[in-house]
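Just the one chain here, the form predicted alone, laid out as structure tokens.
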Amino acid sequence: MKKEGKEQIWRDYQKEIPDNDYFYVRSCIRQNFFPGSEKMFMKILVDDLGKNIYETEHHTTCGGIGYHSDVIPLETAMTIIARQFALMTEAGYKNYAASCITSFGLYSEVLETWHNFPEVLAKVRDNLKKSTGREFELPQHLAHASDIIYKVRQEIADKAKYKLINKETGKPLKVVEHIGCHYSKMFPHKGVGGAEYPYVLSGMVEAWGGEVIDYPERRHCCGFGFRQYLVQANRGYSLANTHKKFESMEPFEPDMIITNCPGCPYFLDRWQYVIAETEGKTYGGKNQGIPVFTYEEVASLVLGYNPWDICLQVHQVAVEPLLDKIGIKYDAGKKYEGLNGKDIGKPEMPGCIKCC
């Protein structure tokens, strides 16, 4: 592609991302998979960078999993979302930040529908008023939480204690970035860089010293796909998708994977264990896997937070090889130590993949 054409595509897929004053809603599943991510999002933005990010215990799921699994109709999901926007309005905010990629995609779909079909918006307003007595304003800006970290990536870099650099060789770490499908594929103009050139994670990696690895299946789905995994009989499709990605990236010998979706890090992390146990194959060298991280976890590491405080011990693939490459200090004896020194129990180690 000609440089001018590439630059035009890039200009077409930019979005305005305020760097402050957000109403933040957590994911209904992320805290079960990687419990430190959303906690660290708030800590980094509020405590480290002094941003105004507000959240309330009254928000609920967006209904996205139910909608995409054909459990609830779109109109029900719209009313749930309207209630979320009512909470934002009542709190005095106009910028809405979603932690979940599925939520971000569904919010984008709903807002687009309301824009093109105002009669649907009117009906939803009426439904919400009748059911809860609430009213709402539409957000001026909708951002995924990774958009915000992307926006402040240089501020994080300026405060960083570590970089994504191999301390022994001095070379940038080789990083695979994986973008959630509902971030850039459903509504390309809603994500930074669109579906072809999404830059939201690449921008973080480069700002923090790493090298982004391109490989053939870079934009391939992680394999979650809702019905692919939620229906037990279909889970082979989920595993096959993930397996295809790992086979494609293996020759490039990545040091780590960074993601921005609730399901993607879960499957890219957990399926490595399944592949190792069923096929006896690992992808990280020395019978180890490739460590998989959320963008909040990576931001926390470069800022110098204790790996166990950000809950990296719940990852299936061991994170220690990556920590050692960067030179991040950690106490191996406290990996499975909970609050007040309580032993939370060490999991049974798998047979084929080394878990330090």
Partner chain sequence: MSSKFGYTKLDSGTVNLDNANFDVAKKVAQQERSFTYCIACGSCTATCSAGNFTEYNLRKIQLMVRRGEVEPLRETITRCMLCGKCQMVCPKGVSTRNVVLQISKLLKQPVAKEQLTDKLHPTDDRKI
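A quick note: this is a predicted structure, and the numbers were derived from the prediction, not measured. Positions refer to the first chain, counted from 1.
Beyond the structure shown, there is the form predicted in complex with the partner chain, which is absent from this document and is the topic of what follows.
The contact residue chosen from 199, 273, 162, 93 relative to the partner chain in the predicted complex is 273, the criterion being a non-hydrogen atom within 4.5 angstroms. Taking 235, 134, 167, 141 one by one, only a single residue has any non-hydrogen atom within 4.5 Å of the partner chain in the predicted complex, and it is 235. The shortest heavy atom separation between residue 243 and the partner chain in the predicted complex is within 4.5 Å. At a distance threshold of 4.5 angstroms between non-hydrogen atoms, residue 211 is out of contact with the partner chain in the predicted complex.
When the partner chain is considered in the predicted complex, residue 239 lines it closely, a heavy atom lying within 4.5 Å. Contact check for residue 279: a non-hydrogen atom falls within 4.5 Å of the partner chain in the predicted complex.
Partner contacts here mean any heavy atom within 4.5 Å of the partner chain in the predicted complex, and among 85 to 93, 265 to 273, 116 to 124, 176 to 184 they occur only in 265 to 273.
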